[in-house]
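Presented below, as structure tokens, is a lone chain in the form predicted on its own.
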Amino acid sequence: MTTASARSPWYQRKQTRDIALVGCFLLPSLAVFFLYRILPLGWNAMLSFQSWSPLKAAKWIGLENYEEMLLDDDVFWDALTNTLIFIGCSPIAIALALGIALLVNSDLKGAAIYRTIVFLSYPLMTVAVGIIWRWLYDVRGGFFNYVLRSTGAIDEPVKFLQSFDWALPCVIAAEFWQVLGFYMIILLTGLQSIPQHLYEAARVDGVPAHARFLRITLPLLRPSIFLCIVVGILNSFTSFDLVYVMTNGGPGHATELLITYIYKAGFGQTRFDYAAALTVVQFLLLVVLTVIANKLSGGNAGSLER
């Protein structure tokens, strides 16, 4: 009998004990995750196929909520369009943050101060950010209207948040301002992790600055950029408090997002069954967009390795 075979029962018992110990440590967290995540998600999915409110019994109606949503609900399509616009604008904020990260990563005098100033907006509560920007856009005493009228650029104040054309871009600008510091820190960390000898070798070979950026900086920043894209997608689906404070989805439904429409359908109209169907659609859209972003990131990685 070999030594390995003689010890195998002991190793098997030890492995069993280790698995049991790990399971004991994970069990509380898994129980909480199941109780507060998986179970509500499953109940929400079941509710979306029923007609239910707190004052009446549940009744199975199949796909009627989804049919109403897709065929008869114009507000849903407005909210979906606005949410996709939010997501589509995320690369603009990431590009701005990358530019700032490149500046503060250089030999710019006072770079640490500028980095701190840009990041200060991120720790602020979103409600506070909404109140600040609502004042900036105010028709009567807002800062932007004051500056525009003082310089003679306009004769009448601009109704930023009351305009169907301006309201959504104004809310997106406020969102950019808050999340820009987070993007900058993530990208700055990625920039500082790039080995400097790659740039030195490229300079020795006479590679111009724009080529070094395209061939070294951007490829090696791919994980950081992907993280920023995922955060941008999540923010687009969770910007309830900012929109609610600034416009409450108005004027009309010009700034309505899926998350604000879910709240209004559930707690405003007490149509919790319909709100559940909206939540399912939002969840599926979030999963699809995240998978697409992940695939695109993986595809780039493969092409770079080749």
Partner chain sequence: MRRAPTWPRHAIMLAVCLLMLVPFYWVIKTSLTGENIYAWPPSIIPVNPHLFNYVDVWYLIPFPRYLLNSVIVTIMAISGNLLFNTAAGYALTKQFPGKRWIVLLLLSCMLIPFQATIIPAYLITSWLGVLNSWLGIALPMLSTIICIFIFKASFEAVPRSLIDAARVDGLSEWRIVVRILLPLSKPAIATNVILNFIWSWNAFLWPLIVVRSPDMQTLPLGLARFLSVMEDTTGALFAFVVMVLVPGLTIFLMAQKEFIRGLTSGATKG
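The term rigid core refers to the maximal set of C-alpha atoms that superpose within 1.5 Å between the two forms. Numbering follows the first chain given and starts at 1. Just so it is clear, the structure is predicted and the values come from calculations on it, not from any experiment.
We do not show the form predicted together with the partner chain, though everything after this point is about it.
- Every member of the trio 38, 118 and 146 reaches the partner chain in the model of the complex with some non-hydrogen atom inside 4.5 Å.
- Contact with the partner chain in the model of the complex, judged by any heavy atom within 4.5 Å, is made by just one of 69, 254, 259, 281: 259.
- Interface residue among 209, 128, 95, 201, judged by heavy atoms within 4.5 Å of the partner chain in the model of the complex: 128.
- Using a 4.5 angstroms limit between non-hydrogen atoms, residue 163 is distant from the partner chain in the model of the complex.
- Interface membership of residue 43, defined by any non-hydrogen atom within 4.5 Å of the partner chain in the model of the complex, is confirmed.
- Under a 4.5 angstroms non-hydrogen atom cutoff, the partner chain in the model of the complex has residue 21 among its neighbouring residues.
- Residue contact with the partner chain in the model of the complex: residue 213 places no heavy atom within 4.5 Å of it.
- From the list 231-239, 72-80, 163-171, 213-221, the contact stretch for the partner chain in the model of the complex under a 4.5 Å heavy atom rule is 231-239.
- Residues are counted as partner-facing when one of their heavy atoms sits within 4.5 Å of the partner chain in the model of the complex; in 103-135 these are 103, 104, 106, 107, 108, 109, 114, 116, 117, 118, 119, 120, 121, 122, 123, 124, 125, 127, 128, 131, 132, 133, 134, 135, in sequence order.
- For residue 252, a C-alpha deviation below 2 angstroms is recorded between this form and the one not shown after rigid-core alignment.
- The Cα position of residue 108 differs by 2 Å or more between this form and the one not shown after fitting on the rigid core.
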